[in-house]
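We begin with a single chain expressed as structure tokens, specifically the form predicted on its own.
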Amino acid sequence: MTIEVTIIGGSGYIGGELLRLLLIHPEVTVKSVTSRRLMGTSVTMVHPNLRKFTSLKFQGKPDLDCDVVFTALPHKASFKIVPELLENGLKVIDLSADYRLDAERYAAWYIEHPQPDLLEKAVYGLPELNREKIKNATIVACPGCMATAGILALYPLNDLGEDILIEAKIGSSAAGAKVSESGHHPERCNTVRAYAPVGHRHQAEIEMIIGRKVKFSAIAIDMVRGILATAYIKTGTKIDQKEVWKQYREQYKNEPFIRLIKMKTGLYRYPDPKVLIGSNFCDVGFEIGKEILVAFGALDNMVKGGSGQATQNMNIMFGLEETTGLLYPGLHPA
């Protein structure tokens, strides 16, 4: 089986990671990758790690003689493109925030959605929870990177505790390839900076999926790739550790990309994004204190938090083994 693929918006970090994964995917042919700004430029001028893997050049218009289109565009840009793609009978995997929420939440966190019918049609692309819906979807909305880490850490514990506070620490690649003052090296280096202590849009995704209110803060730290989401759950009573293990294992026992990490000794006793760089794994774990449970979710924001999850969704949509082209470990040291 060969899946023919087009990437719309391939000049950013997520587009580059999609290309990296899809160019070496055994069942994929990349037909085209677009960038109006860089039309005619060799892909490897922007993504030099792909030298000798492709001779593609950025096109101004996508080749729609394909099976599936990945849209890796800025917020609100997919609105203009996705309806036409669907009308042409194409499957769409969108990596923006444009189709992730229900209409009520989208209006509350962004704007009144211009295509509420497509919101109803779009499937939230978290394979561990929505695999069966993804199989038959024509449009999949890939989750946000911090939302992915937070949801996967919390979901098995949904009946525990009361107040939930999530703090997500994230590397600079999450800000994208566009130059900004906050991403300028002298400003970003050697920092731990609260950039969205309240009101981050990924909170809406987490609440939608786990069905509970949470408090959410996003913290920028001095690394390029990776997320560590730390969720604090007020339990009020002592929680049995064996019961927590049981809930995680029952939820994730058959999940190829979830690893449960809780060691008594060693440097990597809990989930740590450092050993996940370049991989599609999400490591989850926990610790129990007096009247509190702390849950962790760690992943590479560019892979399991972005292009890898999108590729995983593609595999499901086309009936491939879910791990195809994705089953490799992270880098260490990195």
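Sequential numbering from 1, following the sequence displayed. Note that the structure is a prediction, hence the values are computed from the model and not measured.
The next section is about a form of this same protein that is not shown, the form predicted together with a further copy of the same chain.
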With a 4.5 Å heavy atom cut-off, would you call residue 255 a contact of a further copy of the same chain in the model of the complex?
-> yes
Taking heavy atoms and a 4.5 Å cut-off, does residue 278 contact a further copy of the same chain in the model of the complex?
-> yes
Does the 4.5 Å heavy atom contact test between residue 52 and a further copy of the same chain in the model of the complex come out positive?
-> yes
Hey, in the model of the complex, is residue 237 touching a further copy of the same chain, heavy atoms inside 4.5 Å?
-> no
Heavy atom within 4.5 Å of a further copy of the same chain in the model of the complex, from candidates 46, 66, 38, 294, belongs to 46
Could you spot which one of 103, 111, 194, 263 gets a heavy atom to within 4.5 Å of a further copy of the same chain in the model of the complex?
-> 263
Just one stretch in 79-87, 157-165, 219-227, 115-123 has heavy atoms within 4.5 Å of a further copy of the same chain in the model of the complex, so which one is it?
-> 219-227
Within 4.5 Å of a further copy of the same chain in the model of the complex: residues from 314-334 (heavy atom criterion) | 327, 328, 329, 330, 331, 332, 333, 334
